[in-house]
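Given as structure tokens, the chain that follows is alone and in the form predicted on its own.
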């Protein structure tokens, strides 16, 4: 299991972080990780993770895996193949790739059996508390309306962080991450002070003019 507090950088499918540009961002993540001694995890698409996981000392997870077995599933990817191709874990139920509760349960159970890390996304405290019953390794709460915006969840909706942590901890002792609009050290520091054990971030690093500086600034809020 990874150290906490931690940062997960979701590469999404931005031009700055995909294909030929993915190694550039991974170089930065690896450098900051080694220089600062903090846990930074990269969430990649399946093609980039397969090509790059052996070249970096950075934990890599997939942005999405389907809850299917082997069979006639054109365009799908299951967890067995994901692990064979180097994934250490996966994001589940991101707001841009919502799943049914049944599929979420299947993926968490499969990940547990395969010793892979499950990071389940939720859009509010109530959903976070409900998902805690499925016992993922991490729950990442992100209000969808703040994702990619200029105001962070820790500034705009600090109460949702404390409510999420209370809802989750009332069920199980699961680490809670938060995301949406996280841009700088103050956003991270406030989230940690409110009880979060890390952040899930995308555009704040990926689309920054200086990703190295942006990532270092976020780390300052963790230490």
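Numbering follows the first chain given and starts at 1. Because the structure is a prediction, the values reported are computed rather than measured.
Missing here is the form predicted together with another copy of the chain; even so, the following discussion is about that form.
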Task: Of 139, 111, 82, 153, the one that lies within 4.5 Å of another copy of the chain in the model of the complex (heavy atoms) - done: 82
Task: Per-stretch contact check against another copy of the chain in the model of the complex, the hit in 33 to 41, 190 to 198, 173 to 181, 60 to 68 (non-hydrogen atom, 4.5 angstroms) - done: 60 to 68
TODO: Look up in the model of the complex whether residue 143 has a non-hydrogen atom within 4.5 angstroms of another copy of the chain, and give yes or no.
DONE: no
Open item on the list: Taking any heavy atom pair closer than or equal to 4.5 Å as contact, tell me whether residue 212 reaches another copy of the chain in the model of the complex.
Closed with: no
Open item on the list: Can you tell me whether residue 119 touches another copy of the chain? I mean in the model of the complex, with a 4.5 angstroms heavy atom cut-off.
Closed with: no
Task: Contact of residue 115 with another copy of the chain in the model of the complex (heavy atom, 4.5 Å) - done: no
Task: Contacts with another copy of the chain in the model of the complex, stretch 71 to 102 (heavy atom within 4.5 Å) - done: 71, 72, 73, 74, 75, 76, 77, 78, 80, 81, 82, 84, 85, 91, 93, 94, 96, 97, 98, 99, 100, 101, 102
